[in-house]
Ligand code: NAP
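Encoded as structure tokens, the following chain is the form predicted on its own, with no partner shown.
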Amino acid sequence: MINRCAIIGLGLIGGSLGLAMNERKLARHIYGVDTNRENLAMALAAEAVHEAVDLKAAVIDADLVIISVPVGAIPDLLSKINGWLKPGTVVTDVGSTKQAIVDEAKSILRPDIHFVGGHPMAGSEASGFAGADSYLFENAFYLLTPTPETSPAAMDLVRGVVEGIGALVMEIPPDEHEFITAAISHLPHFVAVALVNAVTNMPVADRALALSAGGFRDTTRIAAGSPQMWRDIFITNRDRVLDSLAFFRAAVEELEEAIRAGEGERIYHTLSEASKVRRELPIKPRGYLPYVYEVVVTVPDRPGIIATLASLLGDAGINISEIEILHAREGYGGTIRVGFATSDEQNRACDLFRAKNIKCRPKA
């Protein structure tokens, strides 16, 4: 257990860290700092932090300082707290870019302060403490980016916290982190924003947006994220974002040329290759996370139907790993995906549902 922990920034990630650490008793006392009074009040009420204090009071005797602010604000924050930290304090961040932050921390912090770069691969388009969740990091990858100068003891402490909140630690060099996250996180956000703006600028924008269905909504969901956070990400990881955009542009041009030329076979091949790769993406990466055995259930639209399914499974001693509403039509019904940890639970659930005349099918 950490004696004194300071969390600077109590939005979605910082607030969720506070909730998870407190529920799992990973720190005796958690101090919270945030310029947003509403975030502070909600964090205190939800017991994500034990006390709300100013920046100096939070860090002066802290054993661990967690910085959860936009990456563009981190260097100034490190400069502010550097003189207040006691020798041996471990500082970590949760920023989505790492190389610039790791370099800044090395140049700003005193030699007796230990920095460990961190990046939880969890979150949503929500922002602020209102979106915080103590289970946000459960079974999520949490990237740590040590360098040859990183203290092993500091790494052990941060790793212990990360594992304690239910996340899966992966160590990765800061430069490699930048290229990977540019490809799977920063580029998708760029594309989502560009797609929203492209449709908005079309002559049929009003009607098109009013009719937007699953494809457009799913593809652009992340465009609703914090503009300040994403501005800082695009600036601090500029080179790798531009590298990723070059690959994306080449892929766009290849498909565009095939469409312009009316080359059906070429179009089909491009679509098939993408479809194959997408379909082979696991819901959860095997080897790091347990495989989920799924059942798809068709149910009528009536109050309490999800509770009914859960009660049936609970009474039979079958634990639900995941549950998701796939499709629903008000007044008619819909389909629900229920996930289980074992194939035995999957089979038992199917047998149970069928015995109750509930339509279902196992999903391979």
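Residue numbers here begin at 1 and follow the sequence given. Only a predicted model underlies this, so the values are computations on that prediction, with no experimental measurement involved.
Another form, the form predicted together with the named molecule, is not on view; read the next lines as being about it.
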item	value
Options 43-51, 61-69, 313-321, 296-304; stretch whose heavy atom lies within 4.5 Å of the named molecule in the predicted bound form	61-69
4.5 Å heavy atom contact with the named molecule in the predicted bound form for all of G18, R159 and G164	no
Residue among V116, A182, V94, I81 with a heavy atom within 4.5 Å of the named molecule in the predicted bound form	V94
Selected contact from A251, A73, A274, V199, since only one has a non-hydrogen atom within 4.5 angstroms of the named molecule in the predicted bound form	A73
Any non-hydrogen atom of T35 within 4.5 angstroms of the named molecule in the predicted bound form	yes
A349, heavy atom within 4.5 angstroms of the named molecule in the predicted bound form	no
Exercise: N139 in contact with the named molecule in the predicted bound form, heavy atom 4.5 Å	no
The named molecule contact at L77 in the predicted bound form, heavy atom, 4.5 Å	yes
Members of 145-170 lying within 4.5 angstroms of the named molecule, judged by heavy atom, in the predicted bound form	none
